[in-house]
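As a starting point, one isolated chain is supplied in structure tokens, in the form predicted on its own.
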Amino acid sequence: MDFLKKWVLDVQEFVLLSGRAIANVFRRPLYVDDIIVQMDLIGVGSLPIVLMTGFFSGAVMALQMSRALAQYGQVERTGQVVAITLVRELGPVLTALMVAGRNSSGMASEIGSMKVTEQIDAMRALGTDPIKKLVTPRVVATATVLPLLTIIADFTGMIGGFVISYYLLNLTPLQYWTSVWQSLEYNDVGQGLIKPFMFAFAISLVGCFYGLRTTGGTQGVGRATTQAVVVASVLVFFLTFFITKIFVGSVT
């Protein structure tokens, strides 16, 4: 029962933090400078790993699916399979996981270090709302750059699939890119943009939540960092299931 009470209390505190952070988006001061700094750290900083992940995901997908499609004489549809898989699922999920591993942990450690060194208490004493100053800019920045990173990862993955299709499967550029273009529908693009937008809230809020709850000095910072990555990653899979269910249900 004690574990259940603690879990319910954690969920309640997370919901309250989320509500306050989102409500602060529409209140002054806006801390635009902090938002820009976080966009640079989260977006530009994550770009190399997102590019690598997207490219090799598309390349591996083309290699794996071409073998299955060859059994039906449909190797020219490799681009279609790569595009749909990347845009609907792999692109948003893998990008979110990379950003969660890099930035959700970073948020937890940064805010956690401020918490254990009593910097957050000093902010409150000076009349500054820590949630407005620390959490909201990270939420806004993540929600802005994660969909953009996902688009980049999708396109890079299609390029990876094209490299494999052109050099190993002997498909012409026209065959591959025509298959890619014709396979995508508005429903696919909608999923591919809504998912990272929702993931962004989970990644940023979880990182900030565990950072603000940090106790126990430097060991506590390490625990908060680990918990933030694990919970953010699980939430990404949880959200992608329900968003996919909504879109699949709307189609059927």
Partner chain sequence: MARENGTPPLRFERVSVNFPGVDALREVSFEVPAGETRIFFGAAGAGKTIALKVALGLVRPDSGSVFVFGEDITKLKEQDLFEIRSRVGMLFQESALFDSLTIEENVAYPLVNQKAIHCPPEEVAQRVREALEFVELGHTLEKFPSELSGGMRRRAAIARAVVTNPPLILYDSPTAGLDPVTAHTIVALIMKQRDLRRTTTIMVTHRYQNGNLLANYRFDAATGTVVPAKGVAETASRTKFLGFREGQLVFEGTQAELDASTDNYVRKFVKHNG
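A quick note: this is a predicted structure, and the numbers were derived from the prediction, not measured. Numbering follows the first chain given and starts at 1.
The same protein has a further form, the form predicted in complex with the partner chain, not shown here; the description that follows concerns it.
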With the partner omitted here, the residue among T172, Q182, T128, Q74 that in the predicted bound form has a heavy atom within 4.5 Å of the partner chain is T128
In the predicted bound form, the residue from M123, M98, L90, L148 with a non-hydrogen atom within 4.5 Å of the partner chain is M123
Is it the case that V135, F209 and R223 all touch the partner chain in the predicted bound form, with a non-hydrogen atom of each within 4.5 angstroms? no
Hey, in the predicted bound form, is F201 touching the partner chain, heavy atoms inside 4.5 Å?
no
Open item on the list: So, I84 and the partner chain: in the predicted bound form, are they within 4.5 Å at any heavy atom pair?
Closed with: no
Decide whether Y31 counts as a contact residue for the partner chain in the predicted bound form under a heavy atom distance cut-off of 4.5 Å. yes
Next on the checklist: Can you tell me if T117 lies within 4.5 angstroms of the partner chain in the predicted bound form, counting non-hydrogen atoms only?
Outcome noted: yes
Within 4.5 Å of the partner chain in the predicted bound form by heavy atoms, the stretch out of 152 to 160, 109 to 117, 75 to 83, 173 to 181 is 109 to 117
